[in-house]
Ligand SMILES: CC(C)(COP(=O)(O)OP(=O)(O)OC[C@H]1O[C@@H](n2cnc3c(N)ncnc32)[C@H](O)[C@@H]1OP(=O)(O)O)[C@@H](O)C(=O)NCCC(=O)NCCS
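Heads up, the chain below is alone and in the form predicted on its own; it's given as structure tokens.
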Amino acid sequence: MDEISKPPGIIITKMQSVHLDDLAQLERLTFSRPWSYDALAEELQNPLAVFFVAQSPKDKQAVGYIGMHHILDEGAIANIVVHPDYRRIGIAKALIAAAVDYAEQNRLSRLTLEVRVSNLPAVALYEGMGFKRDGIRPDFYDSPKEDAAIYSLYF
């Protein structure tokens, strides 16, 4: 993948326990069915989990993250979250780039993800980074009920 620049001062690092409070808050702020603190903490013990966090330059607060699971030769992206105050400056792109770098370094054959079909900004981001739509999962999401579009990036 072409070099993706991070927004100025943003640090991309592996998720650690010090990030959990911020990430749980981001989940509650963003999703109708958020992951809990405990669910995020369990991922720290999951040998298949690969989570990267974006930290603000000022106070090292976690302002975004991407979480995926490395299963055999594939990466299944479970979540991408960016704090509303930090959106549209390239953080999501930098987080996806970190996942792509991981995939390339670990010789994965593809990354996959699901996205609400109505989430047009996210769809545009994924397509702009080379992901291709593989299909639809009808009624995949709740609160509100909505189809998921399945996207993959093949290596």
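Start at 1 with the first residue shown and count on from there. The structure presented is a predicted model; accordingly, all values stated were derived computationally and were not measured.
FYI, the form predicted in complex with the ligand isn't displayed, but the following is about it.
This chain is displayed alone, yet in the predicted complex one of R110, H69, K60, K93 has a heavy atom within 4.5 Å of the ligand; that residue is K93. At a distance threshold of 4.5 angstroms between non-hydrogen atoms, A124 is in contact with the ligand in the predicted complex. With a 4.5 Å cutoff on heavy atoms, D101 does not count as touching the ligand in the predicted complex; it lies far away. In the predicted complex, the ligand lies farther than 4.5 Å from every heavy atom of R28. With a 4.5 Å cutoff on heavy atoms, V115 counts as touching the ligand in the predicted complex. Highlighted residues V81, R88 and N119: every one comes within 4.5 Å of the ligand in the predicted complex, counting any heavy atom.
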